[in-house]
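The chain below stands alone, shown as structure tokens; this is the form predicted on its own.
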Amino acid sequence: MSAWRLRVKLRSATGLLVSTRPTQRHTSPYGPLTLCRSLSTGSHLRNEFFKDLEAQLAAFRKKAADALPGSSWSPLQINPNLPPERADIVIVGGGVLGWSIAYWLKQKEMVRGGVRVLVVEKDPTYSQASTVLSAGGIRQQFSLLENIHLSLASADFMRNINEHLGVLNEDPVDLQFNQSGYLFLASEEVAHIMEENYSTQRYAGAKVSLLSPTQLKQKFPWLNTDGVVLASYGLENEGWFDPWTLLNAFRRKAISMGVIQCCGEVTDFKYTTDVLRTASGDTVDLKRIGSVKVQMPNSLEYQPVECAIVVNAAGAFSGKLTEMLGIGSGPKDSIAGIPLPVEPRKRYVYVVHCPDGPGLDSPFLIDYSGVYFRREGLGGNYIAGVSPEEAEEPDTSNLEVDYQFFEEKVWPCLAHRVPAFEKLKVTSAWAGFYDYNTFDQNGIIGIHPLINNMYLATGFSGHGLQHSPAVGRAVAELILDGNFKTIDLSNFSFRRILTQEPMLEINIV
């Protein structure tokens, strides 16, 4: 039989209780054995065990409470990137136009949070976005009053951009705006058009001057004026800026005001249809969107979003959205048979290096051949390009660059107009999409006549970036006020396509 002995020694001076190791003695045929156990080690293990058990019980109690009726617990994992199930306005397209519209909607709302706005963008990297792949220019030298007014209003917005898009405790917006005017060159054939446009521009309040070949040579001595009989030069509110900065400024401000962003693609709509009969006895299907289906990137997961209004700001791919709703699939002689005339057109932008080029006084020059160039930075770099002929439009299934196009179509004109460019070297290039309006190359703004809650803001054919501040405000006015308040853009509605009355820019190129 074993016996335990515990010796305890009290130290009255320090008040400490010190325990020695207890010993257990056994009687064995070979003599007494002594086993030692440490009480302190056993106590530590038991404490750790009970702490771990208590943590597991607490986690179990929390899960049980979450599973009670009325809680938000779900056995399925929720994707935090999913858009909300409901929104007042869904903007399809997170380019500069989409974010401008979102900003102005929140700016005009009567009550903070009164309008729930969702922006859906399918390309979160913006690697194929028209906004960031553009040349970044802004000009007032148009022939249509609407476009001139849009340019003037947008230039004023950019000049005071931090009053509009500044965010508390964030860095101010720097568009890196280069105040260099556009310089249009006219041959004898089109000089009269330039003079007419000049009168319209001055009437609208644009600051533009006409230059003779002699004046042109004096102002820009590096320029070859052969074949030029007249030039038009913008004196203010023209130049170029960083498109990426403008897009991010709109996005940052809109999100700070409560706009929700979502990376996904709208792949379908749920809608109701009312059949109406016209005075001539024809029937018309009038659709109303109830929800949009947002497909998450690289996933089978999707989220239906109920909404009251959809804004089609999908740029080059906006025509595909209306096709989902049956627009353009009806009989050819009916309204339903008229598609949204917007499609992607690929444009190349070439970066060239020429140390002996025009220098800091270089404007954004557009030759009457269509070839353009402007300075890019301060190190003798320039960007250049030209729109191809209709019959030579490049393949839009990719964004690959055709360098042979530069050799054949761009460089000869550049070298003729600026002799120093004979020694240029191409250092890089990129391609981007225009949201090209095949009807009249101007924006389509307003509600679609067969979809009574889809607003269009597309088809700007190359000047959507520069007009984005003013167009965003105009679309917000149309949605929240019911009509245009600042600039009347009713001539840019879809109605002109129905009536076959194009709004064409009459320009020298």
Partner chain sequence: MSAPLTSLHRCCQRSALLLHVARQRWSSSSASPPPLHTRLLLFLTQRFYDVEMLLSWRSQLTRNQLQKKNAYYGYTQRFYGLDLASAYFILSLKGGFRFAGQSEWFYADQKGKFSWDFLNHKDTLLEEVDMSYTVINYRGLCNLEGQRSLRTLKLRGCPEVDDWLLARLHVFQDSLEDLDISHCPRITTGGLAALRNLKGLKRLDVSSLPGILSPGLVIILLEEMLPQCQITATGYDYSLNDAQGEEEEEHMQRQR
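Keep in mind it's a predicted model, so treat the numbers as computed, not measured. Residue numbers count along the first chain shown, from 1.
Only in words, not in the display: the form predicted together with the partner chain, which the text now covers.
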is_contact(Leu235, the partner chain) in the model of the complex, heavy atom dist at most 4.5 Å: yes
Any non-hydrogen atom of Asn169 within 4.5 angstroms of the partner chain in the model of the complex: yes
Touches the partner chain in the model of the complex: Arg112 (any heavy atom, 4.5 Å): yes
Close approach of Ser212 to the partner chain in the model of the complex, 4.5 Å, heavy atom: no
Non-hydrogen atom within 4.5 angstroms of the partner chain in the model of the complex for each of Asn178, Lys219 and Arg375: yes
Which of 91 to 99, 269 to 277, 235 to 243, 124 to 132 lines the interface with the partner chain in the model of the complex (heavy atom within 4.5 Å): 235 to 243
The partner chain: the contacting residue among Leu340, Val418, Val294, Ala155 in the model of the complex [heavy atom, 4.5 Å]: Ala155
The single option of Arg288, Lys423, Lys207, Arg86 touching the partner chain in the model of the complex, heavy atom within 4.5 Å: Lys207
Heavy atom contacts to the partner chain in the model of the complex at 4.5 Å, residues of 124 to 163 in sequence order: Ala155, Met158, Arg159, Asn162, Glu163
